[in-house]
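What follows is one chain in C-alpha cells, specifically the form predicted on its own.
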Amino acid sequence: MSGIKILSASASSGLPRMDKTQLIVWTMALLPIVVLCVFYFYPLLRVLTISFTEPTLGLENYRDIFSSSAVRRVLKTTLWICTIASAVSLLFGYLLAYAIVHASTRWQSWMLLAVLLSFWVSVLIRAFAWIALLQTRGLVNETLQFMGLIDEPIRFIRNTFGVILGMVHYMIPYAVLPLMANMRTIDTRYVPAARGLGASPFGAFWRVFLPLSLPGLISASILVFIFSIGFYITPALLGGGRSTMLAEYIALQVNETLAWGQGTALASSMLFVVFAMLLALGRIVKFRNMFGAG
C-alpha cells in the first residue's frame, strides 16, 4: 500500500514515476543512511555540542586543553608513543611488504594470509596474549631464567615498552596493505635496469625503488598514525597506568571525574585532527587505491 501511495504521489506531483525495483533500491540505500544518522552522526553532534556547553557556554574547554599541564603531559606522551610506534610499524611493514611483493606466487599467498590472520585478531586478545607471554612469571621470563640469561624477571609490560610493543603488533598489517598496493604498481624492470647501468643492489633500491614507493609509504604513515592516536585498550592493559594516552585520559574524564566538557573537547579535537590528516591523505593518494581496489 505504501508503494502505491508513493507512486500515486509521484504521478500527481509531476515527479518521475518509480517502479517497484527502484523503490526497493532507494529503500535499501536510505536505510543505512538513517541508521548512520541516528547511531553515528547524532552522537558525534552531541559530543561536539557538550564540548561548547559544559559546564558553561563558550570555548573554555578548548582553552583548558592548552593551559592544563595534565593535558599537555598526556598529549606529549600520546604524540611520542604514536610517533615511535608508527615508525617501528612502518619499518617492519615496509620490509614485510617488500618481501611479499618480491616472493614467488605461492609464498605471496601464505605470507599475505599470515598478515590477514593478524589483521583479523581482536586487539583485546592480542593484549592478553602479550600479558600471558611477558608477565614476570610468563613464558619469556621463565625461559630466560631457565637458560641462566637473567637472574630476575624483566619488566616487559606495565610500562611504555609494553604499550609500544602491543601497538606495533596491531599496526603492522595496516602498514603492510597500503604499501603492498603501491609496490605492486611499480614496474619490476626498473631495478634490474638500474643494476644493469652499474648501480649496487642497495643503490638501485635507494635511488629507484624507494622513491617510487614513497606515495605508499606516506599513505601508510598517515593511516598508521591516525589509528595510533585512538588506542585505548592496549595502553590500558599493557601500560598499567604508567603511560596514559589521550583516549584513556578522555575515558577518565568522562567516567571518573565526570568532567564531560573537557573530555568531549579533547575527543572533538582528536576528531578534527583525524579529519585534517584524512584530507591531507586524500590529496596524496586515492582511498580506493590504498588497499589495491583501484
Partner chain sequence: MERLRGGAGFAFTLCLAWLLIAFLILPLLVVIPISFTPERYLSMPEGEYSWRHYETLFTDRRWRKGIFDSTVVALGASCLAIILGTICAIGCWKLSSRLGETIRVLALTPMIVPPIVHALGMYRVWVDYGLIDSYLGLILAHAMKGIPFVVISVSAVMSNFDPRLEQAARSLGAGPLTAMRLTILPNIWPGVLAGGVFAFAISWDEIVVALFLTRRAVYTLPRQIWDGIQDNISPAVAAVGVLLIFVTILAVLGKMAWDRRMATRESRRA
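Everything quoted here is computed from the prediction, not taken from an experiment. Rigid core: the largest C-alpha set superposing within 1.5 Å between the two forms. Positions refer to the first chain, counted from 1.
Although it is not shown, the form predicted in complex with its partner chain is what the next lines describe.
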(request) Run the contact test on I33, L112 and V274 with a 4.5 Å heavy atom cut-off to its partner chain in the model of the complex and return yes or no. (result) yes
(request) Please check if F156 has a heavy atom lying within 4.5 Å of any heavy atom of its partner chain in the model of the complex. (result) no
(message) Taking its partner chain as it sits in the model of the complex, is T244 near enough to touch it, meaning that at least one heavy atom pair lies within 4.5 angstroms?
(response) no
(message) If we define contact as a non-hydrogen atom of the residue within 4.5 angstroms of the partner, is W120 a contact of its partner chain in the model of the complex?
(response) yes
(request) Although its partner chain is absent from this view, report whether L144 comes within 4.5 Å of it in the model of the complex, heavy atoms only. (result) no
(message) Just to be sure I understand the contacts: of L212, A103, I84, I150, which is the one whose heavy atoms reach within 4.5 angstroms of its partner chain in the model of the complex?
(response) A103
(request) Please pick, from V74, L217, A181, V191, the one residue with any non-hydrogen atom lying within 4.5 angstroms of its partner chain in the model of the complex. (result) V191
(request) Residue by residue through 257-273, tell me which have a non-hydrogen atom within 4.5 angstroms of its partner chain in the model of the complex. (result) W260, G263, T264, A267, M270, L271
(message) Aligning on the core only, does the CA of M277 end up 2 angstroms or more away between this form and the one not shown?
(response) no
(message) Please determine whether the C-alpha atom of V34 is displaced by 2 Å or more between this form and the one not shown following superposition on the rigid core.
(response) yes
